[in-house]
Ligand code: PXL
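Given next, in structure tokens, is a single chain: the form predicted on its own.
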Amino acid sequence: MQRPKRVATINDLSVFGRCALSVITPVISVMGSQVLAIPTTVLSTHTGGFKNISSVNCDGFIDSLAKQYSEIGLDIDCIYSGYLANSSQFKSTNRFIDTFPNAFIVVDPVLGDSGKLYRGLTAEMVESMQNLVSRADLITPNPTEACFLTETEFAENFSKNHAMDLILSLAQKSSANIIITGIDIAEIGKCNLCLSKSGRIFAVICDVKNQSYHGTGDCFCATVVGSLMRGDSLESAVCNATSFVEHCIEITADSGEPERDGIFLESALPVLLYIGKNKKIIDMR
């Protein structure tokens, strides 16, 4: 048996709230890859809806890991970055990527939502993220992040032509496979809009209840990464991730638990052992 693929995940760790490393690690592990969880910031909870949050930045940790891993000859198959707290962490992530030039690079450009930057992020960090996505093999922005990366005016709803313009503008910033997650397109509804390196543009339709939970974007991206690491195509990976997030929302939606607490990932994880492509796909051109 060959060793499992190794995925270095550079992201924040929220102790409570089911997001970032606390959901990324089990998802990718269940799908058969080894996770090297690298915290950028450790928080008592995520920042959505909680007060009196305790946090510790892990500046310098990424560089120290890269140095040790290089010294021991550790191979890393995939580097998957998410929330980066400051410009220093962007520089460290770039150096980490330089250390492992053969790794598949995934960037979830965590910048904001609903047309606004997350608290504490600046225009300078948007520019740093633009540089980081240019190095990626796969990027997974939400519509807000896609607009910031392309300096495009944000819209709550997109026409098909507007959405196509947005993803093609992203392609000018990065030669990666692109997934714009959870975009509302007037002609087809909510979907995950994808552009492959081969030039194919397609949408995977989302069938979700009108509820939003923290961490679903992390679950989505982690499932895509886990699928790709086990050899699935981009199309299958997006279908798997869409189906899994829908399942997570479905089993959580009627519980009465606060949305800020996240989805019931613990109950959903076994689905990943047999999840398969079963989503409606629309070719966009």
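Just so we're clear, the structure is a prediction, and the values are computed from it rather than from any experiment. In case it trips you up, residue 1 is the first one in the sequence shown, and so on.
In what follows, reference is made to the form predicted together with the named molecule, a form of this protein that is not presented.
Although the partner is absent from this view, Gly215 contacts the named molecule in the predicted bound form, with a non-hydrogen atom inside 4.5 angstroms. Within this chain, Asn57 is remote from the site of the named molecule in the predicted bound form, having no heavy atom within 4.5 Å. Not displayed here, the named molecule is approached by Val110 to within 4.5 Å at the level of heavy atoms in the predicted bound form. Using a 4.5 angstroms threshold between heavy atoms, Tyr118 counts as touching the named molecule in the predicted bound form. By the 4.5 Å heavy atom rule, the three marked residues Ser14, Ala20 and His46 all count as contacting the named molecule in the predicted bound form.
Only one of 244 to 252, 47 to 55, 226 to 234, 30 to 38 places residue heavy atoms within 4.5 angstroms of the named molecule in the predicted bound form, namely 47 to 55.
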